[in-house]
Structures are given as C-alpha cells and as structure tokens.
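There is one chain below, alone, in structure tokens, taken in the form predicted on its own.
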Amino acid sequence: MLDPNVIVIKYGGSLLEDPAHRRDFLKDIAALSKKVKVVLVHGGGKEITRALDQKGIQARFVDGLRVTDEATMDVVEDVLARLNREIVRELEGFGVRAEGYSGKSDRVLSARPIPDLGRVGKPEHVDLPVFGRLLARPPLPVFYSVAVDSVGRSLNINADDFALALALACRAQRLVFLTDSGGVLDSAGKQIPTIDRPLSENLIGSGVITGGMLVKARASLDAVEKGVGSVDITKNIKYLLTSDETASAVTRFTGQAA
C-alpha cells in the first residue's frame, strides 16, 4: 500500500514564468520536503506556446486543451523536459535531492487519447508499484505532464489532471493547485476559506465560480470524495511551513461541511 502522507503540488502558469516567485516557491518546496514527502508536478504552457511560435506552428485549443499534432508533441516534450531539468537543478541548489520524471518513466502513468485532439490524453492508470518505489526513494520527485498510451506513444496531459491522478493513486493527505489568482473569491471579492459540495454548487449556480476555476472546483471536490484528504487552491505554499495555516490566502476544498 502506498504511503498516504504525501503532498502533491501542481505548479505552472504565469507563476512559473515569474523568476522571483519561482525562486521563492522552489525554496519553500525544498524546505517543505524536509518535513513531509512532496511530489511536484509542473506544466509549461506559456513556454510551449512561445516555442511553437518560433517554429511557425500555430497553437490551437479546444476547451482549454492544446490540440497536439506530431510536430507539436515534439515541442511539448522538448520544452517540458528542459523545464524539468531546470527545476530539478534549482531545487538541488537549495540543498535538496530531486529527480525528474514524466508519466513515461517506467510507464508510471498511462492515459487514453482524447478524440479529435491528436496526441492529448486523459490519465487512465497509475502503476502503483512503480509510483510506490518512486515515493520510497529519497529524492523529491518532479514530474512533467507527459504520459503514454497503450502502445507507448507520448501523450500531452493537462498538468492539473496529471497531479490529480497521482494524488488519487496514493490518496495523498493534500493536493495543492497554485494559481495566479490564489483561492476562490465570493461575490464581494473576499477569500472563501473552506468549500464543501453544497457550497460549491451554490457558488457555481450563482455564477461566482466560473471558467477555469469551475473546472478546478469540481475536480477538487471529486478528489476529496475519492480519498484525497483536502485540496487547496492558493498562490504560494508558505502556509504549509507554518503552524498557523489560517494566516494565508487559501481556499480549501473538503468533504466536510464548510
């Protein structure tokens, strides 16, 4: 059985692009990894789009997912693998052992292709023995969001979905999504500290939760209802290093009543 005392953290978007935030975030990750087992998952969509532009390949999206043909898949893998090496190197500069992986590493995560999107997939299976061995090793695992299909071809995976799949596989104590906007705000612009299913559906129905946050909200509630301890949406993880977690701007999705 996998050790559930794990925090899975997904990092990406504009925060990954901000050198100051990235430095502070990775320093915090290094410190946190000395207290608890951390699994870091990162994306790199903005850098991928820039690299595609340089090659004259137009980026196309359907429902927020990048349409990925063969040429685009090559760029996706090149960019994410390079970013992964950079992040591992930066973490090691903060004195923590880290090692880079993708879902292709010993086929730890396999996915099914999504019709009409080319080489894009939805996570389908986490190899628990392989994932367990990675968790049992000392290095902090840093994953980039590429997986394999049933015949071993690379598939581009949404990084939120990738992190969710790993968190569900080990029933992590916590899954954390870092976003530019931080947590969920109510209609008055005030941070909502805790959300359960009834409150979430009310906020969705009233139009408070929309767009990309709506997708995250539903995924977060599904996660806690399937065994993840809690799911946080926030802009930084400093609260995880303190004894007073209420001091930071975090929205926590929980299976308990809010």
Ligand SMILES: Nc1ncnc2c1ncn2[C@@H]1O[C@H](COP(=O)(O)OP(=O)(O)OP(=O)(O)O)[C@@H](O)[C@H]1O
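Between two forms, the rigid core is defined as the largest C-alpha subset superposing within 1.5 Å. Each residue number is its position in the shown sequence, starting from 1. Remember, it's a predicted structure, so these values are computed and weren't measured experimentally.
This next part talks about the form predicted in complex with this ligand, which is not shown.
- Would residue 183 count as touching this ligand in the predicted complex under a 4.5 Å heavy atom rule? Within the cut-off, so yes.
- Evaluate residue 91 for contact with this ligand in the predicted complex, applying a 4.5 angstroms cut-off between non-hydrogen atoms, and reply yes or no. Taking the distances in the predicted complex, the answer for residue 91 is no, it never comes within 4.5 Å of this ligand.
- Message: Taking this ligand as it sits in the predicted complex, is residue 179 in contact with it (heavy atom to heavy atom, 4.5 Å or less)?
- Response: Residue 179 belongs to the contact set for this ligand.
- Message: Although the partner isn't part of this model, could you tell me whether residue 108 comes within 4.5 Å of this ligand in the predicted complex, counting any heavy atom of the residue?
- Response: Answer no; every heavy atom of residue 108 is more than 4.5 Å from this ligand in the predicted complex.
- Query: Are 5, 7 and 123 jointly within 4.5 Å of this ligand in the predicted complex, each by at least one heavy atom?
  - Reply: None of them does, since no heavy atom lies within 4.5 Å of the partner.
- Query: 50-58, 221-229, 22-30, 36-44: which one contacts this ligand in the predicted complex at 4.5 Å, heavy atom to heavy atom?
  - Reply: It is the stretch 36-44.
- Just one of 75, 87, 166, 159 has a heavy atom within 4.5 angstroms of this ligand in the predicted complex, so which one? Going through each option in turn, the one that passes is 159.
- Align both forms on the core first, then report whether residue 33 has a C-alpha shift of 2 Å or more between this form and the one not shown. Comparing forms between this form and the one not shown, the residue 33 CA shifts below 2 Å.
- Message: With a threshold of 2 Å on the C-alpha, tell me if residue 204 counts as moved between this form and the one not shown once the core is superposed.
- Response: The answer is yes; the displacement is at least 2 Å.
- Query: Once the two forms are fit on the core, has residue 195 moved its CA by at least 2 Å between this form and the one not shown?
  - Reply: After core superposition, the C-alpha of residue 195 moves 2 Å or more between this form and the one not shown.
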